[in-house]
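The data below hold one chain only, encoded as structure tokens and taken in the form predicted on its own.
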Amino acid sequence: MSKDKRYFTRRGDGSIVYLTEREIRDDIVDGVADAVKRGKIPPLTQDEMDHIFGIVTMPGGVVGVAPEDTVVSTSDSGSSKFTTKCGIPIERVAGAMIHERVLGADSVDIGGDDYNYKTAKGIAKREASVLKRALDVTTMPLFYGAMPDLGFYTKPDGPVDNWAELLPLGKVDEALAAQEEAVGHSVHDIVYVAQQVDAVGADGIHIDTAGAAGDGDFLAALEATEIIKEKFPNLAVSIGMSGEFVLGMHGRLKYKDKRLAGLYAHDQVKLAEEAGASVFGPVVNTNSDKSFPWNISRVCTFMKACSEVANIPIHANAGMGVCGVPMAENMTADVVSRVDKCLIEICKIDGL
């Protein structure tokens, strides 16, 4: 193999770049080292880093895994993506049928266009009726999904003061109290929606982009999960994260005596297990300035650590700007298929 040969790959923003073997291997080592330092987790082995190199440089526009290594897929706002992402006016029930019968999806999330539980609570019975119609004409598991999205509970649209406005005024205690109050509202709304969709036979509920508003947001997801599993034991709960570590917007919030701020995926999944989650969707952020080899080696280091400690299925969030997928509106099959292959073969994930 010529040391001067350059291989087609991409950067974290999706742009094409050609790198030599040495440049790719150096980026892989650096990506692993970054994850080890930040997450305080073990590095990948040399064999695993060599495996990543082989996948990155593998010929072909699309790569795959052996049939026996195929994993299932879940999705967020899946059935409405035709409308919201593609601009194709297809209602959600038809979208679910297309996902099942044309695209071969393993499950679909029937979420509304305004994808948060505060909004969904107000129209929960109508949303449940949409889900029921979809369940009547499909076979695959159907979830209802939305985001906790604590920001929706702040004034003027919500009932609590805005902590982002209170903090610059030095009103720290008031800002902390506002977040804690918002958590309570969010938990109530998530559980209420779960009750409605459980009544029509939903297979599960998806708490998506958990932690987007910080540790209070993640706490709401955990507390809601615990209540849902107690009240509706047959309803699966999937928690999908928003970022690789939990932002300490509050900083003092705990679940089961574990402080939430700063937790990476391998710690997040243990709390999701304790809450009763059925599936956990960890995230690793894509760095747009770095190469794909750097990003995917970093991703695999975090994901392997998460997968090794998990007792529930790990469905890695592999979409725009996360898990090595470039931060670009239109995903390219060459890099996405390599992300999937790395996550399956190296990290032993259960789904995508």
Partner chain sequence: MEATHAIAAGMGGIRTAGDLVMRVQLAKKLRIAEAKKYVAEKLDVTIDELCDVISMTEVREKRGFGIPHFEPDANVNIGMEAKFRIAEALGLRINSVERFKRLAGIK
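Positions refer to the first chain, counted from 1. Please read these numbers as outputs of a predicted model, since none were measured by experiment.
Omitted here: the form predicted together with the partner chain. The next part is about that form.
Checking Asp161, Glu127, Asp267, Glu100 for any heavy atom within 4.5 Å of the partner chain in the predicted bound form turns up a single hit: Glu100. The partner is absent here, but in the predicted bound form a heavy atom of Leu135, alone among Ala212, Val187, Leu135, Leu263, sits within 4.5 Å of the partner chain. Not displayed here, the partner chain is kept clear of Val17 by more than 4.5 Å at the level of heavy atoms in the predicted bound form. Met327 falls outside the set of residues with a heavy atom inside 4.5 Å of the partner chain in the predicted bound form. The shortest heavy atom separation between Lys348 and the partner chain in the predicted bound form is within 4.5 Å. For Ile314, a non-hydrogen atom is located within 4.5 Å of the partner chain in the predicted bound form, even though that partner is not displayed. Heavy atoms within 4.5 Å of the partner chain in the predicted bound form are found in exactly one of 196-204, 144-152, 110-118, 246-254, that being 196-204. Residues of 336-352 placing a heavy atom within 4.5 Å of the partner chain in the predicted bound form, in sequence order: Val336, Ser337, Asp340, Ile344, Lys348, Ile349, Asp350, Leu352.
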